[in-house]
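Below you'll find only one chain, the form predicted on its own, shown as structure tokens.
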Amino acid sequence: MRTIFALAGVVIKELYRRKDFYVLFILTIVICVIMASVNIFNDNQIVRYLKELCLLLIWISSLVIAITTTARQIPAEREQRTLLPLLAKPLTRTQLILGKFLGCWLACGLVLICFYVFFGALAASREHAWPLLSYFQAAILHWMALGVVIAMTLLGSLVFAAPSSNSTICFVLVATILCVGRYLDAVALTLGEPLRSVIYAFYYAIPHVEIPFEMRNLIVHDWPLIGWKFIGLDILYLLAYMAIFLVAACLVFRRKPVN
């Protein structure tokens, strides 16, 4: 575990050295502050649109950081010719995969803390309320969903040749799941066999990361908290998909030449 945490620390330091997080964070702040300064028709409920916009920008920014940071981990080690020296040390390929994953996941967790603290402060300035438990539920499920995306991107970095192609494919897959995934069961009902069974199988096979994405409605419309039992089940569901992608990545990396 010391080796895994050491690799994770290197990934976190790399994120802070790069400008991706700072650019996206500043861009989110600028857009949200401009929208917060606008008073449309003296409508007090306009804060709901502000919160929805801010949460959408947080999701987009976090996905960009998670996918781009993860996609370049293994290819960068290979291009810089540091992969073989790493594996020559008492470091297994499984430890390398787990260290890279943990580093990207923890880095995204730190990024989410910054984003949600800013979001809470912005919302409180207009609503004068701090629904901390709602923010915590949304943030923890958001972080778990990013873990699935990071594990999937890490697997893609071992399958696809270039980080750019891997990032593009992962962005398309995640966007499709967020926009279409929750409607596939309804679409399947309108189709005949065997296409209905195929769509249903696809619906149950994909990781439904849109579940945390829909937590935005909880905050935007000030709905009651979700039961902690269901939050726990969602966390277990997302952890299972993380494990599946990580096991697949470890198996692929064991059989992949590194030279």
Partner chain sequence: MSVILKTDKLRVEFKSREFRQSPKVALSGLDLEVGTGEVFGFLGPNGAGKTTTINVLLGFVQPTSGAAALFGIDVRQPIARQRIGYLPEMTYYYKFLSAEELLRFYAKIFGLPRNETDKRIAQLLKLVELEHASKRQIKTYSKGMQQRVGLAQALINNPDLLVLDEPTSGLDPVGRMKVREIIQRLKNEGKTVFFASHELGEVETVCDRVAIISEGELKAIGRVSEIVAQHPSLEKAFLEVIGYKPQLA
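Keep in mind that this is a model prediction, so the values were computed, not measured. Positions refer to the first chain, counted from 1.
We do not show the form predicted together with its partner chain, though everything after this point is about it.
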- Task: Select, from the options 159 to 167, 77 to 85, 173 to 181, 111 to 119, the stretch whose residues sit within 4.5 angstroms of its partner chain in the predicted bound form by heavy atom distance.
- Result: 77 to 85
- Query: Might Leu91 be said to contact its partner chain in the predicted bound form, defining contact as any heavy atom within 4.5 Å?
  - Reply: yes
- Is there a non-hydrogen atom of Asp20 within 4.5 angstroms of a non-hydrogen atom of its partner chain in the predicted bound form? no
- Query: Taking the shortest heavy atom distance, is Leu236 within 4.5 Å of its partner chain in the predicted bound form?
  - Reply: no
- Task: Although its partner chain is absent from this view, report whether Val10 comes within 4.5 Å of it in the predicted bound form, heavy atoms only.
- Result: yes
- Query: Three residues, Glu52, Ile60 and Ser62; all within 4.5 Å of its partner chain in the predicted bound form via heavy atoms?
  - Reply: no
